[in-house]
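What follows is a single chain, given as structure tokens, in the form predicted alone.
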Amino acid sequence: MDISGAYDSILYDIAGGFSLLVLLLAGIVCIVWDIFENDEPVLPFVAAMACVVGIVWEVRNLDAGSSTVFYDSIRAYGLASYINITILLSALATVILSVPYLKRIKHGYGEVYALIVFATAGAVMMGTANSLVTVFVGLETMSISLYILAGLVRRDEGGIESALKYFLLGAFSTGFFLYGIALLYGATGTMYLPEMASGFIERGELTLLFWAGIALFFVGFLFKVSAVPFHMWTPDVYQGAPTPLTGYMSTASKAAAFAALVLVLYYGLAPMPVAAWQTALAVVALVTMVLGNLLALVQNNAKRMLAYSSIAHAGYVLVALTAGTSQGYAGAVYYLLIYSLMNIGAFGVMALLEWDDKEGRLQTIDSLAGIGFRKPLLGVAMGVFMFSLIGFPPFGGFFGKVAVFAPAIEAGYTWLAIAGVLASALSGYYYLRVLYVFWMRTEEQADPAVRARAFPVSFSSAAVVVTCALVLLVIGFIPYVRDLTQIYFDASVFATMP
């Protein structure tokens, strides 16, 4: 790599990677500040402001042409800005929800916000990667931070179990991922995604080394997005981790992993025959949707139910990727934004209604009978999230599912789209069950501990929940957002490469 022109391009690189640099700087500030002023209340504000600054910057660059910075290691502007906004919104909502929650459970440590910021920086790096090395560095930066956050409540055996399972299985999947990268480098001679595509064209054939690398590489991705059969860690980790942080794990990390997978498929594997990997993705998508929804049906713990729900939604995104078309990739990244809003909101409501002093690990759905009448704001918001997760019109989830199923039908995978629709209909049982308990059962049927709780709702937490609900109500009627994702994939892939 020739670095003789480093100073000539430094301002351009800083502008393209501005959000990432702001997050890294904010994380360092939080750590150093916490050393001198332990658990300083201003630290969440620093983390939140870093996210806000990043969001504002990326919104300005949504319509800009795609480019690369830092010697082609990460992508900037256009699609990268859209992905960054999705991740940063999840991080901002998590920081806001975490402040009163962690204070309530007496774990409001200053380093928590530094870890959230560093995890977000890793997610941004991974979701906008233009090189396999960048994908790996971003993945590990994000994962290590999440391992620690999952075990934040060290006095609770559920939290320790959550962190240990996440760490061990995550480290195991990372081994597959890294070995896959090594094999891909051996097969193509490069780590850069566009150059991988050129390598395929020059060689004119796909070797066994390449296929082995792709298989191992996909295993690492499928673990991060909780796709079957690499989903085993998800329910236990989600159930044991602090609830707002669980929401972050289910949104920001999944959005980053799927975004990286889209970039690999769209840029790195573009010349490769689509049929070569379509069937494998279709099978994984089908099994993930069906098994995720079936297992969610029998859950009585809200966080565990939402964990299996997130597995099913990973299957929906894989349906779009199975199409292997520009419309499929556009639908996938559009769905990631809607999914993030739905899950952040749902986990936010459950965090505000938590009463078992075990981070919701022992809390059942039935214990919250009649809570909608006591907390109508949360009850109504939860209704929006549940209907949206089902895919019921006119909520945002409906338009998201249209965006992921329609490309599959156009690509000839009608049977897979039908399976997705049926799986969504099946999910109506366990989503509507939450609303049944909230609104159609009496408060006398609730757990005595619930009746004794006041469940205070801070203004900041209410603002996050209400904003997520309102956006889900209107996002489907804003064609700009849907059309924006199409723009990023409309042109020929090689014509858009920098």
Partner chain sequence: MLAESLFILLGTVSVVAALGMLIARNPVTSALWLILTLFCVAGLYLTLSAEFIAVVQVLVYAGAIMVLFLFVIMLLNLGALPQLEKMDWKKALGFVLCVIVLSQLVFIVATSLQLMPATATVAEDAGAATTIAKTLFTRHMLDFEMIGVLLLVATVGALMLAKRKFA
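The structure displayed is predicted, hence computed values, not measured ones. Residue numbers count along the first chain shown, from 1.
One more form of this protein exists, namely the form predicted together with the partner chain; it is left out here, but the text below deals with it.
J.: Want to guess which of 28-36, 449-457, 432-440, 45-53 is within 4.5 Å of the partner chain in the predicted bound form, heavy atoms only?
T.: It is 28-36 that comes within 4.5 Å of the partner.
J.: Hey, in the predicted bound form, is residue 208 touching the partner chain, heavy atoms inside 4.5 Å?
T.: Contact check for residue 208: yes, within 4.5 Å of the partner chain in the predicted bound form.
J.: Would residue 141 count as touching the partner chain in the predicted bound form under a 4.5 Å heavy atom rule?
T.: Output for residue 141 is yes: heavy atoms within 4.5 Å of the partner chain.
J.: With the partner left out here, check for me: in the predicted bound form, does some heavy atom of residue 161 sit within 4.5 Å of the partner chain?
T.: Residue-level check for residue 161: no, no contact with the partner chain.
J.: Is there a heavy atom of residue 22 no more than 4.5 Å from a heavy atom of the partner chain in the predicted bound form?
T.: Contact check for residue 22: no, nothing within 4.5 Å of the partner chain in the predicted bound form.
J.: Exactly one residue in 137, 402, 426, 287 has a non-hydrogen atom within 4.5 Å of the partner chain in the predicted bound form; which is it?
T.: Looking at 137, 402, 426, 287 one by one, just 137 meets the 4.5 Å heavy-atom criterion.
J.: Of 421, 133, 171, 362, which one comes within 4.5 Å of the partner chain in the predicted bound form, counting heavy atoms only?
T.: Exactly one residue meets the criterion: 133.
J.: For the stretch 108-129, which residues lie within 4.5 Å of the partner chain in the predicted bound form by non-hydrogen atom distance?
T.: 109, 110, 111, 112, 115, 118, 121, 122, 125 sit within 4.5 Å of the partner.
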